[in-house]
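Okay, so here's just one chain, in structure tokens, the form predicted alone.
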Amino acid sequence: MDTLPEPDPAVFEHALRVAEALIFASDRPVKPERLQMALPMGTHAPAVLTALQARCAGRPVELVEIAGGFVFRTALDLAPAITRVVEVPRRLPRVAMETLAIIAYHQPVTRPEIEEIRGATLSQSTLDQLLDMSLVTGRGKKEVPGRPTLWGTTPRFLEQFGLKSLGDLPRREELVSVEAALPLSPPPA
């Protein structure tokens, strides 16, 4: 098994600082490939990210993997204390959450298929709201008469719900209820 040579400790420490600065300054999760471009020669993004994650463990802000990249997030145990002073994010109405869940679990899916699963019509305003929040996007056209648009989730969806990938969605049978609308923050400008 090939092992990578150990980088100079001073160079590796500099790489940790570069990674921390890039992740802090980024408006979206930083993928290892993007980080690699900023690192000194001889250092490798996965090793740097693992070391940075270990360094941040137990601190107020931790490094977490979301949507295929890395971001800093408030430690879960501190969330109750700070939610009292942080603005309450916008919430999606129940119909929008139902629609988003259907798209997430059945993608790519057409509007008529969404309506069939929901058992109700889907207003354009609900779809527009999900599009405006960058949670869904068109994924081409279905090859049937009328060629309806196929809808799927976006990387922003993964970011918003703290998922590494769609494989991290709870299994349908684990879901108790979709009644509680989850708080959503607006997409970055």
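Start at 1 and count along the sequence shown; that's the residue number. For clarity, a rigid core is taken as the largest C-alpha set superposing within 1.5 Å between two forms. Quantities reported herein were computed from a predicted structural model and do not represent experimental measurements.
One more form of this protein should be noted, the form predicted in complex with a further copy of the same chain, which is absent from this view; the next part is about it.
Undergrad: In the predicted complex, does Thr110 have a heavy atom within 4.5 Å of a further copy of the same chain?
TA: Looking in the predicted complex, residue contacts with a further copy of the same chain do not include Thr110, since no heavy atom lies within 4.5 Å.
Undergrad: Taking the shortest heavy atom distance, is Arg34 within 4.5 Å of a further copy of the same chain in the predicted complex?
TA: The answer is yes: Arg34 has a heavy atom within 4.5 Å of a further copy of the same chain.
Undergrad: Hey, in the predicted complex, is Gly140 touching a further copy of the same chain, heavy atoms inside 4.5 Å?
TA: Flag for Gly140 set to no.
Undergrad: May I ask you to check whether Val61 falls inside a 4.5 Å heavy atom distance of a further copy of the same chain in the predicted complex?
TA: Although a further copy of the same chain is absent here, Val61 would touch it in the predicted complex, with heavy atoms inside 4.5 Å.
Undergrad: Which of the residues spanning 124-141 lie within 4.5 Å of a further copy of the same chain in the predicted complex, based on heavy atoms?
TA: None of them.
Undergrad: Leu122: CA shift of at least 2 Å between this form and the one not shown after core fit?
TA: Moves: no, less than 2 Å.
Undergrad: Does Arg73 count as moved between this form and the one not shown, where moved means a C-alpha shift of 2 angstroms or more after fitting the rigid core?
TA: Comparing forms between this form and the one not shown, the Arg73 CA shifts at least 2 Å.
Undergrad: When you overlay the rigid core, is the Cα of Gly138 off by 2 Å or more between this form and the one not shown?
TA: Superposed on the core, Gly138 moves its C-alpha less than 2 Å between this form and the one not shown.
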